[in-house]
Every structure is written in structure tokens, then in C-alpha cells.
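In the form predicted on its own, a lone chain appears below as C-alpha cells.
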């Protein structure tokens, strides 16, 4: 079933949560000024993996291909995130990422031990349909998605044989917003960030996506306690 563009963000959330998802969206977690400053600080600090080190396995063909974006992982010692045949090792927390993790814990109560950072340089950069349901995330994953920079559409599509009976849902993620996906969202829905800008993707501004998660250990503890035990 096609998407319905007339839905408001609240209607999109109500639709998802009535059909096997648990999604929350806070558009103004950060103000415009703080979000812009935070993005610049992160771009100055983050060391992105090389394109050659960011290859994933292509469906059907099995070939390893470069992703259409830049990425990096940061986390507690020994953490990494594996998906589609690729592994993103967690570098040591930068000062800004460490502060941001503490802030999100105080704000939401969610204790992450890893963040995957995706850098979308323009509208040509994207990520295709997928679900965050890898074994590393446990049986009931929770993902916090912080967006900085250009507004980009975040789409949901139902998984399984009944997918045609459900709408494709689109939520524009604005700078400084926080999207939370709790179980069973990824068990029932896939999501993507599609290409935008048509023949002029360079007109679409740059965006940082920070997806906070727990890999490996599933017991939630305060970030400070995690550092002491590690």
C-alpha cells in the first residue's frame, strides 16, 4: 500500500504504534543553535572509516560494495557492531560523544554502550531498507536516533507477507530531533533514509545521524558504572 503524504507526524506515530511498533519522536530535543554547534563539534572530532573499510554484502549477488555515506562507530572498550557482512569497531568515546551519551541517559534513562554515526554529505547519500535486528542487539533492541543538520525523510515499511496491506510511513527528521524505536518495532517494520534532491542532490545539505544502542551486554546500567566495570 502506498504512503499517504497528508498524515501529520503525530498521525504517523499513531499508525505505527497501532500496527506493531513502539516509536516516539521528539522534534525539539535540541534547539536550532545548539544542534548546529553540536554538529560542527562532532565533525571536528569524529574519524570516519575509509570507504574501503565500510563495505557491506549486497543482497542477492553477495558482492561486497561501498556504502553511499560515511560511517564510524564509538563505544565502550571491545564493542563493535556487525551487519550485512561488515563490522564497525567502536573507537574510544570522543569528549563530545561522551558528554552527549551522558545527556541522553539523564534525559531518557537509556544507557547505551555504542553509537553508530552516519554522515550524509548530500541528498545522494542514503541507506536502504533494513531492520536493526542483528544478534548483537539482543532480543528486544532499543535504538535512539539523534539527527543533526539537514531535514531528511525517515520511512517505515511493514515486514513480511502482509506488507502490502500497510502504508509506507514517512517522518521528516529535523535537526536536533530524537526518534526512539523500541521492541517490537524492528521485528515488524523496516526503515530507510532514501535519496533526495533528484538530479540535484548537492542542494540537499549535510546531515549527521547518531544511532545509540547496546551491543553485547543487555543489562542496562548507568554509563559511569559501565566505565568502571570495564
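These numbers were taken from a predicted model, which means no experiment stands behind them. Positions refer to the first chain, counted from 1.
What follows is about the form predicted together with a small molecule, which we do not show.
Chemist: Select from the listed residues 67, 193, 204, 42 the one whose heavy atoms reach within 4.5 Å of the small molecule in the model of the complex.
Modeler: If I apply the 4.5 Å criterion carefully, the residue I get is 193.
Chemist: Of 132, 76, 136, 125, which residue is found within 4.5 angstroms of the small molecule in the model of the complex when only non-hydrogen atoms are counted?
Modeler: Of 132, 76, 136, 125, the residue with a heavy atom within 4.5 Å of the small molecule in the model of the complex is 132.
Chemist: Based on heavy atom distances of at most 4.5 Å to the small molecule in the model of the complex, which listed stretch, 185 to 193, 25 to 33, 50 to 58, 163 to 171, is the contact stretch?
Modeler: So the stretch in question is 185 to 193.
Chemist: Is there any non-hydrogen atom of residue 120 lying within 4.5 Å of the small molecule in the model of the complex?
Modeler: Because a heavy atom of residue 120 falls inside 4.5 Å of the small molecule in the model of the complex, the answer is yes.
Chemist: Although the small molecule is absent from this view, report whether residue 213 comes within 4.5 Å of it in the model of the complex, heavy atoms only.
Modeler: Within the cut-off, so yes.
Chemist: Determine whether any heavy atom of residue 88 comes within 4.5 Å of a heavy atom of the small molecule in the model of the complex, and answer yes or no.
Modeler: No, no contact at 4.5 Å.
Chemist: So in the model of the complex, does residue 97 come within 4.5 Å of the small molecule, heavy atom to heavy atom?
Modeler: Taking the distances in the model of the complex, the answer for residue 97 is no, it never comes within 4.5 Å of the small molecule.
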